[in-house]
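The chain below stands alone and is given as structure tokens, in the form predicted alone.
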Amino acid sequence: MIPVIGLVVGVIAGLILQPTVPVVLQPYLPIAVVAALDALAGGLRAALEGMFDDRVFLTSFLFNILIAAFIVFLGDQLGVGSQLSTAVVVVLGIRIFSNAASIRRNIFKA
């Protein structure tokens, strides 16, 4: 119940405060969101399979975001930021859809 309350409080705070992202960090925000969604999908899949471990989830969540941001940063330094951003989104997107398919199979037994 605590995570749900935290989510609701966070959404309400975001709507009320309307925070802005500094221009320097704007290229990293979409990648961080996709990386976080990948970790969430993986956590849900693990929970449905009865193998959820909160430490694995937390480290996966944080490291996905850090690694994805680092790859985008590296791409920006090399002058190929948009190509590496696209590559990160494609890879994480494939993982998200793979986890979604597994979740669907677990829920509907199909």
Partner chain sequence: MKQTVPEPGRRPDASMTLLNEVMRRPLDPGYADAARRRARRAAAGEPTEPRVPALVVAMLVAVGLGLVVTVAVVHLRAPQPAVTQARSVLADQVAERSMQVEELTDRSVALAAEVDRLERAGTLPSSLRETNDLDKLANGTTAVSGPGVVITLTDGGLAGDDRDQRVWDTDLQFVVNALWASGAEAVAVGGERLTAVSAIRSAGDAILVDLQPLNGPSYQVEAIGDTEDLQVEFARSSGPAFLQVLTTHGIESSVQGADELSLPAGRPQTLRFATSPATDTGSPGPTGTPGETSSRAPDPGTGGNDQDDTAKDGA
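These numbers were taken from a predicted model, which means no experiment stands behind them. Positions refer to the first chain, counted from 1. In this text, the rigid core denotes the largest set of C-alpha atoms whose superposition between the two forms falls within 1.5 Å.
Separately, the form predicted in complex with the partner chain exists; it is not shown, and the next lines address it.
- Of the heavy atoms in P30, some are within 4.5 Å of the partner chain in the predicted complex.
- Taking the partner from elsewhere, V72 is found to have every heavy atom lying beyond 4.5 Å of the partner chain in the predicted complex.
- Contact between A13 and the partner chain in the predicted complex is found at the 4.5 Å heavy atom cutoff.
- Contact annotation for L48: none of its heavy atoms lies within 4.5 Å of the partner chain in the predicted complex.
- Shown without its partner, the chain has R95, S98, N99 in segment 95-109 as residues with a non-hydrogen atom within 4.5 angstroms of the partner chain in the predicted complex.
- Annotation: Cα of V9 displaced by at least 2 Å between the shown form and the other one, core superposition.
- With a cut-off of 2 Å and the rigid core superposed, V21 has a Cα displacement that reaches or exceeds the cut-off between the shown form and the other one.
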